[in-house]
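Just the one chain here, laid out as structure tokens, in the form predicted on its own.
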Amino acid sequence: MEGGFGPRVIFELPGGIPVTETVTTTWIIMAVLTIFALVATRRFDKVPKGLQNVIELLVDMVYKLTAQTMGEDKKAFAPYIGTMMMYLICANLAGLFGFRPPTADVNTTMALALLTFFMIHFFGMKRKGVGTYLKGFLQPFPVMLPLNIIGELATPISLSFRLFGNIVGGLIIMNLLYGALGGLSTNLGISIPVLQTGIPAVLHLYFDVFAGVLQSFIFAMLTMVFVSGAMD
């Protein structure tokens, strides 16, 4: 999707493969998180202090959240959940630094939702056995099989469009606001710094910070609920 509110193509790889700003911003986020992880965990002491205190607190929070949501026997999912939340928070907050949020591209949100979808069924079959798991699609009556299948296929669609819709909605509103304020200043022939900085700042606080962090948390929570539900 190019033009309008869609991601721009930054460059093309050999063979005419387009690389959009969604991909380049994701590369930047991956590099930042990797460097942060290397620096933050380079020197751990037995008695934590400074940054180590923060890191251990965050890790402990993720493990506790995973255990409370999925159960103590599923704490092994904590590293994946924590990594996903860190990426989503950075991606959703990218707009604050002048980047287009990768999660404002449905390709990104659908890829994340498909990961959740495959985890649901893979770990469900691994825990219950393939036969027992597939028999669950016949419950409560065999005639419900088509509806149960449709319900499962709807999971990645609802997950991806919930995240995409909230992020791209905020992006569109902010673009329209900046356009309206710019047009107002041009028509009046004067600069209105209070309107051009004050109103956008408040809305950025909501759409980029509050909604961005909230949607990251919701996506992670739904992932944990769906995966644990398939395993129990």
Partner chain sequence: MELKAGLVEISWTLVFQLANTLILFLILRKLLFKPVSEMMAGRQNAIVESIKEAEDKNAEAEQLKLEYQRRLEGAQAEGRELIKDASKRAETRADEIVAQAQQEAMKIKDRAEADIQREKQKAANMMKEELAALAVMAAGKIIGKDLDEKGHDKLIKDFIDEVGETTWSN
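Fair warning: this is a prediction, and the values are worked out from it, not measured in the lab. Positions refer to the first chain, counted from 1.
Note that the form predicted in complex with its partner chain isn't included here; everything after this is about it.
Every member of the trio Ile17, Ala37 and Ala111 reaches its partner chain in the predicted complex with some non-hydrogen atom inside 4.5 Å. The closest non-hydrogen atom of Thr132 lies beyond 4.5 Å of its partner chain in the predicted complex. Although the partner is absent here, Val106 sits close enough that one of its heavy atoms falls within 4.5 Å of its partner chain in the predicted complex.
Of the heavy atoms in Leu214, none are within 4.5 Å of its partner chain in the predicted complex. For Tyr178, no non-hydrogen atom is located within 4.5 Å of its partner chain in the predicted complex, even though that partner is not displayed. In sequence order, Glu12, Leu13, Ile17, Pro18, Val19, Thr20, Thr22, Val23, Thr26, Trp27, Met30, Leu33, Thr34, Ala37, Leu38 are the residues of 10-39 having a heavy atom within 4.5 Å of its partner chain in the predicted complex; the partner itself is omitted from this view.
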